[in-house]
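One chain comes next, on its own, written as structure tokens: the form predicted on its own.
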């Protein structure tokens, strides 16, 4: 394996990135970086409507934000300004806020700097939407997960129920996922797409164990 191992795991909402990135990080014994949580935490701290502020004001508000991680694998803890990010960031509402601010150049520039600072300090599995294309283009292993929108909606529905969180009807979740897909894939700033040298894995008809084994196989192949 490379001395400093960076594995990027990109893909759209609801494709299973979080579960799989944690497992891969556990297997490799490296830190897990949930960049979606970083966007969600930023949106949560900025508050509703932050995307309507001008970029200079947004940049000013984010100047004091400091992200850090501690631990490895699924036990990695993401903190913002010294406090672990709260479970409140996982709601669908905050997810849409995050998608809204993710279209703004000042926000993406801040996130990129914060993510690269973490990645330069240690080996990690970085989960997100532009890890392999923008943040860590030099990554050892670039992986991209995808699945049909209806499959991702069903998985998200089951995840919310298992967490005991408020759960909209399945058709509403699917509509939200399709809306986020359109916004993420069509935005001018760092649109969601696989890196040219990424390994693409369609998880629609695979269970989590099958996808995990495929990812570990690809990491072993690419990191030799």
Ligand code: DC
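Numbering follows the first chain given and starts at 1. Every value quoted in this text rests on a predicted model; they were computed, and no experiment measured them.
Quick note: we don't show the form predicted together with the ligand, though the next part is all about it.
Remark: residue 142 does not count among the residues lining the ligand in the predicted bound form, judged by a heavy atom distance of 4.5 Å or less. Heavy atoms of residue 37 reach within 4.5 Å of the ligand in the predicted bound form, making it an interface residue. Contact check for residue 124: no non-hydrogen atom falls within 4.5 Å of the ligand in the predicted bound form.
The ligand in the predicted bound form is not approached by residue 76, whose heavy atoms all lie more than 4.5 angstroms from it.
Looking at 162-170, 193-201, 177-185, 48-56, the stretch with residues near the ligand in the predicted bound form, meaning non-hydrogen atoms within 4.5 angstroms, turns out to be 177-185.
Looking at 64-101, the residues that come within 4.5 Å of the ligand in the predicted bound form, counting any heavy atom, are 95, 98, 99.
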